[in-house]
Each structure stands twice: as structure tokens, then as C-alpha cells.
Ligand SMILES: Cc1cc2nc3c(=O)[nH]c(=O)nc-3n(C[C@H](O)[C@H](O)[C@H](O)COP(=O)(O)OP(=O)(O)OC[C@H]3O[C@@H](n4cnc5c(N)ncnc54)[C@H](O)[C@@H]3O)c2cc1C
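Before any questions on how it binds or moves, here is one chain, the form predicted on its own, in C-alpha cells.
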């Protein structure tokens, strides 16, 4: 029977970040188990992987800053000579709709936390990003009536933000793990968690193999509740896998100039470019679009809905008025695991000794992943190193009270 000091279940961005952060600061024997056939088959592969700083809570801003710092220095962080992933510093533009004070208030707050931002008025917006319409009127989605675009407000630009290709990032972390003697096992599913005297003893795999370990970290994303049941853990939190829809279309020549990652708060969409600026990715930031619960993460509708496509593209055309009504539309669906109680993750030990959680990231996981790995690895090894976060693991404790927050969407 094989034996490990730590077993991480799930080889997505959270699981691989945790394994790498443990491996880079210790000699603990670590294994990563993944039920899929390769990297990026779960939530990580479908992520938009936007790296933005602004959150409601200052602690979340700090965690985003720490995670993005690792992505911005990816070669040094992963210790790979030629990593696949790189940070696309497109900037993130927040368009707050008709709230005239939001951008200035957030600019002052984020600057105080060390985040480089600036406020753009309509003229500055048109000069910097000519493809983007500054109108603050939300299009009529009921009757489709036209309006004369108007409104004036400040727009917040996060200058150092951007995005990363998610699958490339996971592949890099897996390579870094393997170079540091972490065993990575695909096509490997845990079907039994062995607990004796409220203490983890190991686990059983499909096929009958057993592995001994005193510490299991559940980083299995939408499948996390299956492991809770296998361990006999009854948590007081409502973590649900939900279906998230994303639309893709080619970027036509009519859209001139740079297009940053854009969060259109009034209309409830976000968009960014990809494939070297030649494609547009667009999806929703509305809370109601993050509540379609999925009973079986292995079987759900991966094709996007026609109604979602029409609504989302109508809003996109309003924000990018030069976008022509032609071109092939594609789409797909991935899964968030949403903590419906406060849309913040649960990270750290559970009431079962040796069974740890890293679950319920509610759409925040990619940008936070290096910082989450740091948080967990510091708690396990007691060792600090470069690219560490100062936010304590207790901030996401399973024993905490739900965080009081007004916006329970991915923008929280």
C-alpha cells in the first residue's frame, strides 16, 4: 500500500496550486489525484481566468493582489524555464452604470491598498478605448426599444490587471509539481475515505487500491460534496455546483483599438479578448445567472441557451456599437461551485482530523489560486517563502459565520 504525507484530490488550478506551494517549501511526500484524463477538464478549463483586484472586502483585494503577483511573475513562481502560460496585462475596466461616485470611491480605496487604478471620464474613455460606448442607459431587454445613448460617470481602470490562459497555467503547475517529486495520478478516483477515531487514515480508489495518508485536501471543485459524504462530514454550508454560460465570437476588423477586460455592471455582462485579440469572450455577472444548480457534475448541459445568447449579445452590441451583426457564434458551459451562504470559499481543516477543505470558490478561484496555495501550505508546513500571502487561513474557516455581503455574485 502506497503512503503519502499529503494527498490533494483534484488537479484543477486550486489543487495544483496547493500541491506546488507545499512542494516548493518542504520535503513532504505529496500526491495529486484527479478523476479526469488530463488537466483542465473541470471548472479550471472553462474559467475565463480574469485577474482583477476589486472586491468588496479588503482581505479579498489583498488575496487577489497576492495571486495576481504570482501570475505576473509566472516563470519565477513556477521555477520553469519555459512556462506555457503568461500574464496578459490588458487592464480591467469597471463601468458602474449611473452611479457617479462609485469609481472615485473605489479608486481611493484600492490605491490605499496598493492597487494601481485611475478614473476615466467619457472623453478619456473614448480616447483610450474607442470601441467602447460610455452610455449609462441599460438597453431595454423586454421590448427592445432604442434609446439615445447618454449619461456621464467615471469608469475605473485597474492598470495592472488582465487574464491568463487557464489550461496552460494548470499544465505549468503540474510540471512544476512533478519536477519537485509530487506524484500526479490521472484517471484516479477516490471512492472511500478511511476514518478511524475521527482521524483520516487513507483512502480507497476505484479498482481496489488503497493509499495511506494522514492528510487529505479536498480540492475537487464541483465534486466536493461527494468527498464530504465519503468522509462522513456534514458541513453547515450550502455548496452547490452551478452551470455558467460563456459566448465566443470572432473579433471583426470594425472594432478598433485596444479592448480591455470590461465589467459592465449596469448591464450585467463582462467581456475580454483572447487568441491574441482576435476573439471576444462574453458572459454574465448577474447573480441570477449563477444559480442554475447542477445535480450531477458529470452530466449537465454544456451547450449554451439561445435566450442567454440573444440577451448577452444584445448587451454586448450596446457596449461595442461597431460590432457587426455577423460572424459565427460559439459557446460552452462550465461549473462554478457556489457557496450560497456568502459566496466565499471554505479553506482549512474540518472537524475530521486530517480532512481539509478548499471548496466553494464561487467563481473567484483562478485569480486567488496561488494565494490559496500559499495560505494552505503555510498552515501545513509552517514555512514562509516568496509569493506568500499574509491573509490567515482562518479568514475562510469552516467554523466562521457567513460573511455579511450585499452582492452575492461573482463580483462580490
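Computed from a predicted model, the values in this text were never measured in an experiment. Residue numbers count along the first chain shown, from 1.
One more form of this protein, predicted in complex with the named molecule, exists but is not displayed; see below.
Visitor: Against the named molecule in the predicted complex, would residue 36 count as a contact residue? Criterion: heavy atoms within 4.5 Å.
Guide: Residue 36: yes, in contact with the named molecule in the predicted complex.
Visitor: Is residue 188 part of the interface with the named molecule in the predicted complex - any heavy atom within 4.5 Å?
Guide: Although the named molecule is absent here, residue 188 would touch it in the predicted complex, with heavy atoms inside 4.5 Å.
Visitor: How about residue 354: is it within 4.5 Å of the named molecule in the predicted complex, going by heavy atoms?
Guide: No, residue 354 is distant from the partner.
Visitor: Is residue 13 close enough to touch the named molecule in the predicted complex, meaning at least one heavy atom pair within 4.5 Å?
Guide: Contact check for residue 13: yes, within 4.5 Å of the named molecule in the predicted complex.
Visitor: Hey, of 216 to 224, 72 to 80, 249 to 257, 172 to 180, which bit sits against the named molecule in the predicted complex at 4.5 Å between non-hydrogen atoms?
Guide: In the other structure, the partner sits against 216 to 224.
Visitor: Just one of 347, 377, 63, 49 has a heavy atom within 4.5 angstroms of the named molecule in the predicted complex, so which one?
Guide: Selected option: 49.
Visitor: Is it true that 6, 212 and 233, all three, sit within 4.5 Å of the named molecule in the predicted complex, judged by heavy atoms?
Guide: No, the whole trio is out of contact, none within 4.5 Å by any heavy atom.
Visitor: Only counting heavy atoms and a 4.5 Å limit, does any residue of 328 to 357 reach the named molecule in the predicted complex, and if so which ones?
Guide: Stretch hits, in order: 334, 335, 336.
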